[in-house]
Structures are given as structure tokens and as C-alpha cells.
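Form predicted on its own, single chain, as C-alpha cells, below.
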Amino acid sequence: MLSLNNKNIILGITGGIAAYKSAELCRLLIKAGAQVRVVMTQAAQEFITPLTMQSLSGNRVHTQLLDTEAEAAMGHIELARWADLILVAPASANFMAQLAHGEAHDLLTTLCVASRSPLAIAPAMNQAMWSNTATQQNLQTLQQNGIHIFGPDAGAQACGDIGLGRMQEPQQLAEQSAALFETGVLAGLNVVITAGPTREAVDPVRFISNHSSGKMGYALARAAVDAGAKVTLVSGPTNLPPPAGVDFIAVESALQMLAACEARTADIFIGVAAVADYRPAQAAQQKIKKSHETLSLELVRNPDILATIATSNPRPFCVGFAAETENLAHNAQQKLQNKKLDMIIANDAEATFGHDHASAIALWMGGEETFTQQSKEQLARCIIELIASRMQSTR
């Protein structure tokens, strides 16, 4: 599966009739999970409008090197640092000549010179221009400088000639762009993670909750993003900032968390949240006054989010977390079987809630793995690697 999840790509467009293909290329890059910012030369704007590319990319199109408004937001140096890849498609003969000689006279050439990210070009020109000695010498220079050359293809050209010089098709360019990156173990997969506590309202100012900090769930979300997954993090109230690169959904109650999870399609579901087992049967509409020595609350069971997702169709690979205070492995094994999970991660509640370090035991049918005390960030990466391995072996 083509995956560019969490990659930042600058799509450069130079002047040429093949610029019409850049619109489809932009769409495919975004579909594969990339964030795309478009940079157009003045000549490119004669073939396709910045408005078209802005509509497709969802971002302002950059056209000027010295743009006061752009420099106040994402200036050209910051834009160069932002990119994981600069892809110029189409790349004209003139652009290739400028790039081969290190020119930086407009925004696109300046970005190419200023960026340390990989640079790829998709040449597009008349077959006679492509075979010209100067163009071929420039091509050799670019290759020697480590620039990736995508194409060109041979075939009929807009001018009526037949030969080398056609820009490759957008699908080919998107696939070659993805191939430049090391594929993560979860590349192309949708992962939904729950984190933090839930709050069950007693009245407008009081609630039932627990001591979960959300740190483990947030660490897992970051690790899954780094592994190439498209991550949705459904979080109860915490004091943590949403991790970069995730689709973040904030909820309060168990019922809200369940609804958010059921609304998302997942290849992997990781239930880390400490979901309240019970909620008040009726939440008071007004603050309950302190008028008696005792107060009785009727509690009803909340739905089991993990068990519900584990019986959904299509069913994701389901991983649960069990925070226990006694009989750690035994209680976790019972939950693994009762909830029909693929894997469960068990740890000591008192040793993990609110702490930056944790140990854990991963259990699945017929196997287990122990993780010694380590930072939750390190533990999260180990768990993601194990989940990817177990999922591959079972499916």
C-alpha cells in the first residue's frame, strides 16, 4: 500500500504543458498521507492556476521569493526546513540547467539550494530538448549531486513529436516518492488509540474519574506515527498536548469515547484509556447541595469499549491494557480471553499511573513477553514493534 503518512512534501511546478498532471499528483500525494505545499514558478502559472493547486493541497500556494506575507508566516528558509522531500514535477530544461549550476534566483530554485532534504525531479520537455547535449550534461551533474531523476518516459508529445521527454504519470511519481522513505512497520495502516481517564458526571461540577495521566496512550500514539501509521487518538481529559501528526478527538465520558471509536475505521485498535466501569444512573441537572450526612448514588455499568470493538465487523487487531493492583498476569489473562483480544498489556496500576516510567507484560494466546522498567516513550516503541510483529504473524 502506498504510504506517505506524516511526510511533508514540497511540490514544485515549472512551466510546461505537463503541469496539468501536477494536480492529480498533488491529490495522490495527499491521499497517501502526505502534507503538501505547492511552489510554482511564474511560467508554471501560465499553464495551471495557483487557485487550482491551493484547492487541491489545502494550503496557500507559494509563488514569490520575497513575499512579505509569506515571510511573516512560513518564510522560504522555514519552508525549506519543513520539507521531507522536494519533488519538482514537471521539471523543465531551463529549471534543470539552473539547478545544475546552483542558481537561486526564484523561490523554487532557492528552496532547492537551501534544503537539506531529498530532491527529486520529473523532467518534461520536447524530445529534441531532452537529447540536447547541454541538457544531458546537466542531467549528469544533477545525478552526481545526488538528485533523484524520475523519468522521463517515451511516447507521443503535445507538440506532435514522439520520443523521450514525457513526464511520468502521477501514480508512478507518487510511488517513486514513497520509495525514497524507509517504510515503517505500520505504514499505510489506520490505528485508533484511546488514552487518559473518562469522567462520569454526578452533577454539573462533580464527576467520577481515576488517576490515569494519559502518558502511555500518548506515547503509543507518537510511536505509531513514527512507525508510519495514520493515527487517531481518542483521549479523555489530560494535561498533555496532542501529539503531532495525529487526528485528535477529545472526549469526557465513556459513552462519548465509545461513539468516537465506533465512528473510526481501524486496522489496529489499542485501548489504553482507563475507562470508568460505572457511571451515575442519573446526573443531577443542578449542583447537589450538602444537606445530609450521607449521599447515595446509583451507578450503572458503562459499555465495555474494548469488548465492543473486538466484536465489530470488520474487526481490527485489538490490543487492551490492564492496570492491576494484584495477580497481574492472571487477571490480564482473564481479560484477554473474556474480551476476545489479540493481545493485552498488563502493568501495575500504582507503579504506572502518573509516572514517566513503567514495566509491563504483553500476553497473547500461547505467548508472552516481559518489558523491564523503562521510559514510557521507549516502552511504547517496543509495544508498537511487538504489535506489528504479532499482527503480521496472525494475518
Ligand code: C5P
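Numbers for residues come from their place in the sequence shown, where the first is 1. Predicted, not measured: the structure shown is a model, and the values here were computed from it.
Not pictured, yet referred to below: the form predicted in complex with this ligand.
- With this ligand omitted here, the record of contacts in the model of the complex names 296 to 304 of 296 to 304, 122 to 130, 229 to 237, 97 to 105, defined by a heavy atom within 4.5 Å.
- A single residue from the set Pro152, Pro197, Gly320, Pro316 has any heavy atom within 4.5 angstroms of this ligand in the model of the complex; that residue is Gly320.
- Only one of Ala223, Leu189, Ala273, Ile86 comes within 4.5 Å of this ligand in the model of the complex through a heavy atom, and that residue is Ala273.
- For Lys339, a non-hydrogen atom is located within 4.5 Å of this ligand in the model of the complex, even though that partner is not displayed.
- Although the partner is absent here, Asp247 is not a contact residue: none of its heavy atoms lies within 4.5 angstroms of this ligand in the model of the complex.
- Using a 4.5 angstroms threshold between heavy atoms, Asp277 counts as touching this ligand in the model of the complex.
- When this ligand is considered in the model of the complex, Arg60 lies well away from it, no heavy atom lying within 4.5 Å.
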